[in-house]
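Single chain ahead, by itself, as structure tokens, in the form predicted alone.
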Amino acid sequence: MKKLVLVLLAAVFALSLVGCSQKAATQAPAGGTEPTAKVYNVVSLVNGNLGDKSFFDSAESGLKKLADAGRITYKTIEMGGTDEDQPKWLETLNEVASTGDYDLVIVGTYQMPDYLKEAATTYPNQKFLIYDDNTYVGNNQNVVNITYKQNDMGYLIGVFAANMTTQTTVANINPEAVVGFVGGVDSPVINDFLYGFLTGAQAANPDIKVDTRYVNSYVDTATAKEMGLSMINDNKADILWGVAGLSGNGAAEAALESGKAWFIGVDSDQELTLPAEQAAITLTSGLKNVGQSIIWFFDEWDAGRTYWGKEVRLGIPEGGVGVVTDKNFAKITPKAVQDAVLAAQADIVAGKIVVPTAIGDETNAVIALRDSLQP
């Protein structure tokens, strides 16, 4: 009898251990935390090299933050950016997609959509993300296009410029309320920057004048410089915003050479990329926050919200765009101007300000506004 009791007790104890282990397997870990979310394996293909202090470095910073938080593992492949490197771009895309090793392949910029479309069509089960391009939106259901609300960014820069041009106690600011916009090409994307800029400037100062000109090139610094000098010398513009790729740097050259104006950068923090003398007269820059947009994408993916086959445009509320608020902005800009910019940013996030866009606007309202504000 004693032996039978011992056997029964042993059986009960064993069953209790099984029950505990099954319960532990289905419960959250101790401390009330949720079960660990999926860790994604990601590869980022750079059609250039890191160290650009622009889009590629921004993407890398976002990926590193995700990796440091334990949310992804990733590898960055620098493919080079010269003409001789370009044949490697499609080859590398196909190579990483064919392995099936990655939950997501990331590429970016206007040079990659043709290569991406071919790879995405060849490997329909591979997920891809391309940032700052919407060329083939919807053509492949395994691709998400992330673009940026440059109109939101433009609004903040417009508020900044219109307020700053009245601060005559600041060096190089004259009594005339005139600022300049040097655009690359008269196109919907460039005019989206412009629409926000004009709207923000007019909201800050109804009497503002904006000298708007287009270089018709993204690599012609000489023409941009001539335009900038004319804006400064003929129309007394004291702040120039260059939204023209490499051409925009010509506007920075004009501001520096004249000794009578300031420059504002675009897309990346141009105080970090321009030569020292030009960086010194760069007050701020409008930013496309590629790294933050990638973090936003993974936040959405983890929440079960996916955008395959679609374009998502990210603005200030999502952290997709913004302005530089340290360095010269903090050192040179009067506090009243800083406060005006931060207040405008808060109002956009809160939905109190909805910035109009030139994208898809067939009324050409931006053209009418542009022409009405010419000096």
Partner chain sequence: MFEQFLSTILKAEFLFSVIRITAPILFAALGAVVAEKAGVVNIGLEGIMMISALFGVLFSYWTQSWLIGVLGALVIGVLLSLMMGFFAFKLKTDIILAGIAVNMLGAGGTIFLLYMFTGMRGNTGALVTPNTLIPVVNIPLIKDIPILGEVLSGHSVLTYVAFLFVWLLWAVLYKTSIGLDIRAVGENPDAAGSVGISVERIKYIAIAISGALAGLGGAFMSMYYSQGWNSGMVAGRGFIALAAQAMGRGEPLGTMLSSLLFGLAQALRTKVSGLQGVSSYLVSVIPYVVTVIGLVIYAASTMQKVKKHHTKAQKGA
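Numbering follows the first chain given and starts at 1. Basically, rigid core = biggest C-alpha set you can superpose within 1.5 Å across the two forms. The structure displayed is predicted, hence computed values, not measured ones.
Separately, the form predicted in complex with its partner chain exists; it is not shown, and the next lines address it.
Its partner chain in the predicted complex is approached by residue 82, whose closest heavy atom lies within 4.5 angstroms of it. Within 4.5 Å of some heavy atom of its partner chain in the predicted complex lies at least one heavy atom of residue 49. Residue contact check for residue 89: none of its heavy atoms lie within 4.5 Å of its partner chain in the predicted complex. Using a 4.5 angstroms limit between non-hydrogen atoms, residue 132 is distant from its partner chain in the predicted complex. Remark: of stretches 206-214, 113-121, 99-107, 140-148, the one touching its partner chain in the predicted complex is 206-214 (heavy atom within 4.5 Å). Note on contacts: among 186, 176, 302, 95, the single residue with a heavy atom within 4.5 Å of its partner chain in the predicted complex is 186. The single contact residue among 190, 72, 266, 229, judged by any heavy atom lying within 4.5 Å of its partner chain in the predicted complex, is 229.
Shown here without its partner, the chain carries 163, 290 and 325, none of which come within 4.5 Å of its partner chain in the predicted complex through any heavy atom. Using a 4.5 Å cut-off on any heavy atom, the residues of 275-301 that reach its partner chain in the predicted complex are, in sequence order, 275, 277, 278. Relative to the superposed rigid core, residue 77 undergoes a CA displacement of at least 2 Å between the shown form and the other one. Core-superposed comparison between the shown form and the other one: the CA of residue 48 exceeds or equals a 2 Å shift.
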